Structure formats: structure tokens, C-alpha cells
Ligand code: SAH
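First, one chain by itself in C-alpha cells, the form predicted alone.
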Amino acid sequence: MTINADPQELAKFGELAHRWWDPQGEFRPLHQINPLRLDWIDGLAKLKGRRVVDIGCGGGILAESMAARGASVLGIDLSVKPLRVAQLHAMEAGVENLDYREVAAEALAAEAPAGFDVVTCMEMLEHVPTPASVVQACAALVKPGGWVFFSTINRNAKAFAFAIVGAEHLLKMLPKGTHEYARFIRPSELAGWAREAGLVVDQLKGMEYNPLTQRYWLSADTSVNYLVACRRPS
């Protein structure tokens, strides 16, 4: 089976792995948005006691925080160095009910269909060659009645200006080359893939940022960063 991953993308995040848990480093935006998306996910899916898989977990920022909310979490990724960082951080922090595995979403879906109450796939779809395949795997992994959460970046002129020119070049919030405009995904495209996979789109939220106050908030504006909550019908 061909693995749905871009070796250059894996290498890029691997090189920065040791910086993952530095809240002032290259992954600072992830640290800043994490409480926002964690509360949003928890508010809808009620994480405590749930079995959760975090697809493309990277260094484990979201996975670890979901485990701290009482979920039993499996974080998966294909970039080995961030996974090692995630494992080490969880061990040092003494986080229980948290495991990590190097496995593709599609392979896990074949191995454990309908195995999870909640599936999260955040800031990952824009980094893989075939995002629709990941959406399909997420739908296969969730139990009937369960939740699937995605977050990604819209594809339009404003998103290019904000996410690439602004974030990578002007404000230097992210390393140059973090994102590739052609891989950005319109909400209509993501919703279409979700429906094709048998999911029902429940909520669509935008995430906005003020560079002066360095504050993020959820809104109805999905023109740049956005989040999608889906249900698998019971």
C-alpha cells in the first residue's frame, strides 16, 4: 500500500522536532491555539472517558491536553522524531492514558474500524498528497454517533496573504515553507469529502488572529483558518 505522506513534509517537521514544546519557538502558534481548539472539541464531544485518536499528532500538544481532560488518547504520525519528542514529554509530565504510534491513518482504519469515540485531525490535511483519503480514514475510525474534528486553511487570496506572506515572512510566526498554497483546502471541498465518507458536517468555525494583541478567537469567519466538526450517523 502506498503511504499517503510527503517525505519532504515529514523531514521538515522532523528537523524541528526538538523545538516542539518550546512555547516561544517555531510551534508557538500551536501552543497559542491549543486551549481554544481543546475547549471547542471538549465542549462538543465531552472528552472525559472517551477513546480518542489524534491523526498527525506531531509532538503531542493536542493529544497530551486531551489526555489531561480524561480521554484515553492514541496519537499517530509518520514523522518519527516528533513522535519521540511526544513520548518523552508525556513520560516526563507523567501523563497517563496516552500512547503514540508510527502508523498511517489509512492503515489504522483498516486495523481498528469504528474503534474510537472521537477522531481529531488538526493542521494536517494541508500537508498530505491525498487529503480526501485521510478524511475517509477518519470516518472509518470513528464509532457510529462519534465525532470527527478537522482544522485546516482555506484557499483564497486572503489565506495566502495571512497564512504565508504574513505568518511566515512578515511576522515570522512560522518557519518559511511551512505551508504550500496549492495544498490549502476550501471548506466546500472538505465538507464534500466528509459527506462522501459518510459523515455529517455539524459545525464550521473560523479562527481569527490579531497580531497586535497576539490573541486568537473562534468566529464565523472561515476565510483563513477554520475548524470542522462532523458526526458519524448512529
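Predicted model only: the values in this text are computed from it and were never measured. Each residue number is its position in the shown sequence, starting from 1.
One more form of this protein exists, namely the form predicted in complex with this ligand; it is left out here, but the text below deals with it.
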Requested in this report: Name the single residue among Leu108, Ile164, Ala140, Met124 that comes within 4.5 Å of this ligand in the predicted bound form, judging by heavy atoms.
Outcome: Met124
Report summary line: Checking Ala132, Ala159, Ala90, Leu78 against this ligand in the predicted bound form, the residue with a non-hydrogen atom inside 4.5 angstroms turns out to be Leu78
Report task. Specify the contacting stretch among 49-57, 200-208, 65-73, 184-192, defined as having any heavy atom within 4.5 Å of this ligand in the predicted bound form. Result -> 49-57
Query raised in the report: Wondering, does Phe13 line up within 4.5 Å of this ligand in the predicted bound form on heavy atoms?
Result: yes
Report task. May I ask you to check whether Ala5 falls inside a 4.5 Å heavy atom distance of this ligand in the predicted bound form? Result -> yes
Query raised in the report: Should Trp20 be classed as touching this ligand in the predicted bound form when contacts are defined as heavy atoms within 4.5 Å?
Result: yes
Query raised in the report: Quick one: does Leu30 come within 4.5 Å of this ligand in the predicted bound form, counting heavy atoms only?
Result: yes
Requested in this report: Quick one: name the residues from 32-53 with any non-hydrogen atom within 4.5 angstroms of this ligand in the predicted bound form.
Outcome: Arg37
